[in-house]
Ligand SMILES: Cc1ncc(COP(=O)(O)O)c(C=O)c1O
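Shown here is one chain on its own, the form predicted alone, set out as structure tokens.
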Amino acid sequence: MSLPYLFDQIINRSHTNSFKWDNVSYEGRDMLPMPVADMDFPVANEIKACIDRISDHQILGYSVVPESLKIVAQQKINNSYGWDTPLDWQVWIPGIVPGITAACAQFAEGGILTAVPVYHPFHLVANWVNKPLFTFPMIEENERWTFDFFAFEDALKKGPKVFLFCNPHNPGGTVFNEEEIQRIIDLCQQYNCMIISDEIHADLRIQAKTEHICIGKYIESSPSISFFASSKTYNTAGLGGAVAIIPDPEIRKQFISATLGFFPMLTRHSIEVMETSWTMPSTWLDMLLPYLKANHEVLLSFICQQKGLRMLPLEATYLAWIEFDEVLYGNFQQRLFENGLHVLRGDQFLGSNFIRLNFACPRALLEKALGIIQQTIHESH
């Protein structure tokens, strides 16, 4: 019996206006791109059928969010994460980054706090909305990245009004556990700091022992916004679409006010693809996660064998956070780029001497990337 999905299949994405593959900086180079967080895998058959059905209809007018999608999102959050959220808590938006930006513009008068390293819009947003930025470091503990909670409290004492929480963490790959979640809640409540949580990678857990915990479930009585989307899990990031869960009606009203005139309506494609993603059989995801886990093990084993390179095992995401010895390798990201591998610089996430590598690709492409890394290492000796 043939398998329904062949993730080893290499699909040529060049000349498709791909942000990942058609980067203007490549200038005709033979480049293997592993920077931006989308996957080089075909979508599920049900999603393709959904898009085909919309195209066959031939009309692409304005759309409204149907009650059916609202109910599906409610059921998804409850069934997957154990959080029962009333429909009127939902605010539908074109994407999580715009949602974070609107929330910070509205609520972060005293400043924005985030751990570093972190997904770059979390720290860039401070300049976008002209608010102070406060940061504290992540630390290594028991072979995983977590918060330096003493530094976290010191930063909270400076008066930020919004804490941006990335769970699962990008780029550290951490799924925060119950004890960590409770410490975050206690500290933020003590210092009157709203928690804004991006949970877009919640279903991309590649270690079976991890369980995603929605922080909003435990702070419904405190100001909070929790963002969810299907796009990272089901590789539909180019379509957009997300939902903000906002329990407090006044916070919800103010958030909506901050979006008016800035956010477009969701497209029919984004609406129906989200609904399809959250209701279709789990076959595609059930095959994806073991493939990502196997890629992760190949990459982790390779990195652990290289002098001057280091990587902690990920609990979630497909974004490896790899430390390198600057004395040995200098500007490692640039040297990899010159050899034909594009990964992101650690300082983009406010983390020095690291690179971030996207391993959500066919195994052959990952092996090609490892060969380029190996070549670059050998050139250093």
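Because the structure is predicted, anything quoted here is derived from the model rather than measured. Each residue number is its position in the shown sequence, starting from 1.
What follows is about the form predicted together with this ligand, which we do not show.
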query: Ala37: touches this ligand in the predicted bound form, heavy atom cutoff 4.5 angstroms; finding: yes
query: Non-hydrogen atom contact Pro137 with this ligand in the predicted bound form at 4.5 angstroms; finding: no
query: Contact flag, Tyr119 vs this ligand in the predicted bound form, heavy atom cut 4.5 Å; finding: yes
query: Partner contact for Lys232 in the predicted bound form: this ligand, 4.5 angstroms, heavy atom; finding: yes
query: Stretch in contact, per heavy atom within 4.5 angstroms of this ligand in the predicted bound form, of 212-220, 128-136, 163-171, 290-298; finding: 163-171
query: Contacting member of Val97, Leu266, Ile184, Ala108, with respect to this ligand in the predicted bound form [4.5 Å, heavy atom]; finding: Val97
query: Contact assignment for this ligand in the predicted bound form, among Ile200, Ala244, Ile271, Met311, heavy atom within 4.5 Å; finding: Ile200
